[in-house]
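Form predicted alone, single chain, as structure tokens, below.
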């Protein structure tokens, strides 16, 4: 079976931005518009059976979405895809129609980080109320002083 990096470089050479195969957490960074195709390659060529985590990260110059996939054979193998996004309009195609587990993680990432997943079937807040302003895990987030009459300063 091919390594994730080799499979992605063969199937989607223009989509691969960076490959880190050594260290504690190897990953392949792909272009955001190719994330659906990249996830299919992991399923079809690397035997990825499960998407077990989607998370967002806030860096000074960009946002990042990290996807953790697994092949559950013995011993289990784990694959990581990363996508870098601009701070001014962080969005990328949703994996929720390809990987059902993406539904929850993408909604949580939208709710807390403000990263939009285009084509997501249920793109609304999952943890905060619909009238909440902002995305609390962003580094530039300003906590409101009150919410529906509740003092948020204490």
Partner chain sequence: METIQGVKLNEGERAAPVLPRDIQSDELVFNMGPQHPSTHGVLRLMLRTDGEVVLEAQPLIGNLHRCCEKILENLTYVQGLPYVDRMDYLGAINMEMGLVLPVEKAAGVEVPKRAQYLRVVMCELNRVISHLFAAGQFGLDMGAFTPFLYMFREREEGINVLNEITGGRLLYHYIRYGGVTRDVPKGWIERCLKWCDRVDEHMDEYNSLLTYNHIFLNRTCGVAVLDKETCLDYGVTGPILRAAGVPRDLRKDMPYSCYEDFDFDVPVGPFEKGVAGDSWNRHRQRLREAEESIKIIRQALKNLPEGETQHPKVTRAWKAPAGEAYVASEAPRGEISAYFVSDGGKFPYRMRMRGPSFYNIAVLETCSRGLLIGDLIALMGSVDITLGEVDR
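Positions refer to the first chain, counted from 1. Note that the structure is a prediction, hence the values are computed from the model and not measured.
Absent from the display: the form predicted in complex with the partner chain. The rest refers to it.
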item: Interface membership of residue 116, the partner chain in the model of the complex, 4.5 Å heavy atom rule; value: no
item: Exercise: residue 40 in contact with the partner chain in the model of the complex, heavy atom 4.5 Å; value: no
item: The partner chain contact in the model of the complex: residue 134, any heavy atom under 4.5 Å; value: no
item: Partner proximity in the model of the complex: residue 94 to the partner chain, non-hydrogen atom cutoff 4.5 Å; value: no
item: Check all three, 2, 36 and 45, heavy atom within 4.5 Å of the partner chain in the model of the complex; value: no
item: Residues in 129-143 with any heavy atom within 4.5 Å of the partner chain in the model of the complex; value: 136, 137, 138, 139, 141
